[in-house]
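Heads up, the chain below is alone and in the form predicted alone; it's given as structure tokens.
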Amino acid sequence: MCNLPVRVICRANAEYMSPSGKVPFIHVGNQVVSELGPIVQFVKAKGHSLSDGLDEVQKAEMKAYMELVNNMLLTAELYLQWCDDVTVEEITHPRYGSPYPWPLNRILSYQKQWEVRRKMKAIGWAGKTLEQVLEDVDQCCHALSQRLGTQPYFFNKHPTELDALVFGHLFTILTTQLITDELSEKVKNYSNLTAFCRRIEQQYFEGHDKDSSAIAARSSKRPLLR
């Protein structure tokens, strides 16, 4: 979105390469910067920012919506993948451990599951039912849909950090295979959000660097969002 040169490299151990243990992260020269917030600040310090055109009120609103996305969508994704027992056994453990030999694949999977469930307990999500989590997702999507309205992006004609964050999470929800489609159906209930995802997919991913981008590679076979 900033039109910066970038090369995407897919690594099975990406989270272990990250300074914070979380993705995404970027490697620039001899610096490694992880997670969206620090990456945005790092790029801004180099003279590139998607939100320079916003006034202070709009920037505060953008940050509030970004907090909403991180608190609701990110947490719901983690809950579905690591706290729903059927999903954990049939999808998450095999997928997470697939790059590693036995017994390392099982050890790392259970370690990650323990970390996520400990986090869920700390933030008060451990006792939630799947229905309650899906309701939280629906409320978040409703708020995002209301803010987006008929605009191409959340702040009219140009994308901001909020657009990048929302796309990343909604696209993941729409394209990640789970036991049921209940989570993705919550997003699909809002046509402007799915249209938003498709718009960004077409503009920034389809046809660009297909050899190095997993998203673009899959898109070359068929559109991921319709």
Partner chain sequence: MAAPMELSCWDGGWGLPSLHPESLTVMAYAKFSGAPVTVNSVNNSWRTLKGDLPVLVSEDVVISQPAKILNFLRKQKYNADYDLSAKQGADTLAYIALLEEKLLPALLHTFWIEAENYCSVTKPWFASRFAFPLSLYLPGKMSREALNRILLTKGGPPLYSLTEVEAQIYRDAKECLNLLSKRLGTSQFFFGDMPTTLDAFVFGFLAPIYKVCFPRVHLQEHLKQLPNLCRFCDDILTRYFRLTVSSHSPAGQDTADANLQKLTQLVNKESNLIEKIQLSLFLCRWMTAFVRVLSIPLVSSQRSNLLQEEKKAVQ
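In this text the structure is predicted, and so the values were computed from the model without any measurement. Residue numbers count along the first chain shown, from 1.
Quick note: we don't show the form predicted in complex with its partner chain, though the next part is all about it.
*Asks:* Counting only non-hydrogen atoms, choose the one of 62 to 70, 183 to 191, 196 to 204, 164 to 172 that falls within 4.5 Å of its partner chain in the predicted complex.
*Replies:* Only one stretch qualifies here: 62 to 70.
*Asks:* Would you kindly say which of 150, 111, 98, 146 lies with a heavy atom within 4.5 Å of its partner chain in the predicted complex?
*Replies:* Only one listed residue qualifies here, and that residue is 146.
*Asks:* Is residue 57 one of the residues lying within 4.5 Å of its partner chain in the predicted complex, judged by heavy atom distances?
*Replies:* Close contact exists here: in the predicted complex, residue 57 approaches its partner chain to within 4.5 Å, heavy atoms only.
*Asks:* Can you work out whether residue 122 and its partner chain are in contact in the predicted complex, taking contact to mean some heavy atom pair no more than 4.5 Å apart?
*Replies:* Contact with its partner chain, yes.
*Asks:* How about residue 24 - does it come within 4.5 Å of its partner chain in the predicted complex, if we only consider non-hydrogen atoms?
*Replies:* Contact check for residue 24: no, nothing within 4.5 Å of its partner chain in the predicted complex.
*Asks:* In the predicted complex, is there a heavy atom of its partner chain that lies within 4.5 Å of any heavy atom of residue 132, even though the partner is absent here?
*Replies:* Residue 132: yes, in contact with its partner chain in the predicted complex.
*Asks:* Using heavy atoms only and a 4.5 Å cut-off, decide whether all three of 11, 49 and 176 touch its partner chain in the predicted complex.
*Replies:* Not a single residue of the candidate spot has a heavy atom within 4.5 Å of its partner chain in the predicted complex.
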